[in-house]
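This document opens with one chain alone, in structure tokens, the form predicted on its own.
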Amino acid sequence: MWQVRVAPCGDFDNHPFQSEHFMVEPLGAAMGAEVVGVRLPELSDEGVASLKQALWKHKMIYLADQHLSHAEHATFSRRLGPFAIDAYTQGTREERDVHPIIKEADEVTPSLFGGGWHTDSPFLEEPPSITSLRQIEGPPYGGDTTWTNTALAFKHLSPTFQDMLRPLKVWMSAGNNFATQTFLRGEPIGFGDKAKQDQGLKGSMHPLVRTHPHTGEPSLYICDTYAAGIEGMTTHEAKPLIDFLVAHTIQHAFTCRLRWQPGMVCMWDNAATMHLGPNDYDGFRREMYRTTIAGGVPR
């Protein structure tokens, strides 16, 4: 007799990070938290260090009513670490490392940037660590972002399954995403830069179970958009395993969902999350700006 799948339980520990520099209010049981009582440009060096610790714990943190300029966004992001190479977008005229993500009200498209479950640019040899995103303008409803906690998802696999996964390496490539976007849009797409595109298609091999560089926590490094294979396996062997791990990881119990407001700033840890931004707000304008912070080679 097979057991009916039920929601995971136990091992949910998203109690608020304690800091002398701000307060933290958890968003959900699995992950996510609001940081209150501070404006980002006013944080001391000790406050920024504490904010990063809060991020490692909660995986995603956000702050309301920040209303940062491009310069303030760039200056704060530099305090988190050096900027990463951005594979897809170009920066603003004022700040080349602050990248616009804008959908106009009259834009109708079958495919949207970030519209599938993904972690940012895992096809790079050194994928980004932290992504920050802020909203200038958004729809009255829709345009939410959802994250899932890939460390918690790994914890909820059986010890036998965990042991099976630990030695494996996942091939992350933009090839499947390119093909899907080209099919949906009816025209070829690419990075606009041949070197970036070649790297995106070639991709990189990374541990399927990666160890967090700051906390030592293991997590699934899996991605519905970019996971294209597993080292040493045929496609027919790898695809069912990837499909299972993605389906396991995006269970509602492991997620949190943010309803954006103008002026809000959000940060997430790409080493321990996937995220999704659905294309559900046709007829409304959404203006966002993003920075990405460099990360090392996943271990």
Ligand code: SIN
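Just count from 1 along the sequence shown to find any residue number. Every value quoted in this text rests on a predicted model; they were computed, and no experiment measured them.
There is another form of the same protein, the form predicted in complex with the named molecule; it is not shown, and what comes next is about it.
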Exercise. What stretch, of 27 to 35, 62 to 70, 242 to 250, 268 to 276, brings heavy atoms to within 4.5 Å of the named molecule in the model of the complex?
Worked result: 268 to 276
Exercise. Looking in the model of the complex, is the named molecule within 4.5 Å of a heavy atom from each of 133, 145 and 290?
Worked result: yes
For this session: May I ask you to check whether residue 286 falls inside a 4.5 Å heavy atom distance of the named molecule in the model of the complex?
Result: yes
Exercise. Is residue 169 one of the residues lying within 4.5 Å of the named molecule in the model of the complex, judged by heavy atom distances?
Worked result: no
Exercise. Can any non-hydrogen atom of residue 118 be found within 4.5 angstroms of the named molecule in the model of the complex?
Worked result: yes
Exercise. Closest heavy atom of residue 138 to the named molecule in the model of the complex, within 4.5 Å or not?
Worked result: no
Seminar exercise, completed: the named molecule in the model of the complex has a heavy atom of only one listed residue within 4.5 Å, and of 229, 203, 114, 218 that residue is 114
